[in-house]
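Here you'll find one protein chain in two forms, each presented separately as structure tokens under the names structure 1 and structure 2.
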Structure 1
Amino acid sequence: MNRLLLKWNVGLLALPLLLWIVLLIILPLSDLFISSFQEKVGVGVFEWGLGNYQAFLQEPFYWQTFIRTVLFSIIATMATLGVAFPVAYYIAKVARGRVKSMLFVLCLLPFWVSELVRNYGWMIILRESGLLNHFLMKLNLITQPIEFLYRDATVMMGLIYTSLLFMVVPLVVVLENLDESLLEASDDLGGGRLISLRRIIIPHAMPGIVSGCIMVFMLTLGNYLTATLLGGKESLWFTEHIYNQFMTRWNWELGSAMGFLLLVVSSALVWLGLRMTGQKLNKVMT
């Protein structure tokens, strides 16, 4: 009797979770997968096949953007790590007391503001009639305004900006736990700064580095706003192709194939990242 009640209890408690996961995650993603293998042969008539994937491979515009997006995401992730690490180290190990918590909060604040607003800020600065050009002209460094938007470097800068939070926070958390006496011991044993960094700090920070990189990579790969607003047509992102297939070309099947490819690459790299560093997803996320 009691045991039966308990089973009911668990079942009832798990019901919303199951509904959520099945109806909003598993079934939609399965539908995406199925739809990617359907080819339109007439109005409302479909056939099974690999046509959508063939179409993707035969159009260099698509697969080149795809490869570019993946490569750019990897570069952006590494760059974000490089930019964020000294900051996280400063907050966790150099700053003290009030300054420390203030810096940490200051670091978080911009990311609570919509990504749209942040990118709008960059647009005001970087466009042809923007502030940067205004100042460069005033200083007589240039005579003609330069369009800083719609360049790869700009997109990269914007992506790093957008991703910083997701790198800084996990890094600060792991570095906080680094026992200072380890660094002192390393100093004491004659290890230089670089040796401490390589032998002690980085191995200790590895869980934070991995979780930061995974989050940043995923968010960058799936980014739409920053890439569209700062990159435009000159620096296309793969998500824009997906959007176009769904919303303007009305070719959902090809869009599904592209979406599925993006999902596969994203999941595979997350898995690879975890595998290479021997960590578990649930540990990285929490």
Structure 2
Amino acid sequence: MNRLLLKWNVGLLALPLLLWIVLLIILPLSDLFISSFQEKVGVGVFEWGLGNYQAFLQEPFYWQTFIRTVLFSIIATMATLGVAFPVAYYIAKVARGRVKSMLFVLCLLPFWVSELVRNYGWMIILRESGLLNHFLMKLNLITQPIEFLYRDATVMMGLIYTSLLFMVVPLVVVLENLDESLLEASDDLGGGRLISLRRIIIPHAMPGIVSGCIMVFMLTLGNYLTATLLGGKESLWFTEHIYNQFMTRWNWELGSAMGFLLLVVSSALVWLGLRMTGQKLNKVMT
């Protein structure tokens, strides 16, 4: 009786999670998958086929933007890791007490406002009449305003800024569990900082590195606001094509095909990353 009651309680506790997964993940993705194989041949008339995927492959503008988005997302993920790792190590192993808490709050602070507000903040700083140009001209470092917006470097900076917290948190969690006696033993044996980093710190932090890279890559690949506001027309992101198909051209079938392709490729790249690093998904996400 007690076991049966326990099973019922566990089932009731898991019910909200199951509803969340079914209603917000499984059903939408299933509808996306089905719609991607439908071709509109008339008003309310559809045929099954691969026409949407063929249209994607036959239009160089689509697949070139797709490849560009994937490559930029990988670069942004690696750059975010490069910025976040020293920050996370300092928070986890060097900072103490209030300093540690303050640094963590500083990483969290930008997320107290929405992504839209953060991007508008960057636009105010970087535009021709913005704060950065005003400051540089006051110092006589430039003679006329420079347009810092609508560049690939600006988009990359915005993506790193937006994703930094999602890389710092898993790194801090794993680095806090690093036994400092291992580092002391390495120093005593003449290992040096680089050898300790390569043979002790990075292998220990690998689950956090992989976890952070997965989250940052997914967020970057599916980002829309940062690429649109900071990149402009000169820095197209694949999510802009998906948005245009759904909201501008009302071609939901082609938009579904593009969205499903993005999902498949991102999942394949995550799987490849796990295989290359020798990590397992259940270990990375715990």
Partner chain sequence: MSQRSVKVLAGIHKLYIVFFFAYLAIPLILVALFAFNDAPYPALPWRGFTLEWFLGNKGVFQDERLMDGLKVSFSVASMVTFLCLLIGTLNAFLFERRSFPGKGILYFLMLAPLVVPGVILGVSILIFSHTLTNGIEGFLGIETEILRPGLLLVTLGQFAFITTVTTLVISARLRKFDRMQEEAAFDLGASHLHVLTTLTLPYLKPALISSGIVAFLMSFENFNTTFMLVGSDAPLTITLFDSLRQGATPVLNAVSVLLILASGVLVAISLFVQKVDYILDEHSK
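For residue numbers, the reference is structure 1: its sequence is counted from 1. Superpose the two forms; the largest set of C-alphas matching within 1.5 Å is the rigid core. Small disclaimer: the values here were computed from a predicted structure and weren't measured.
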Just one of these is the form predicted together with the partner chain; is it 1 or 2?
1
Superposing on the rigid core, do we see a C-alpha displacement of 2 Å or more at residue 264 between structures 1 and 2?
no
After superposing on the rigid core, the Cα of residue 17 moves between structures 1 and 2 by an amount in angstrom of 4.3
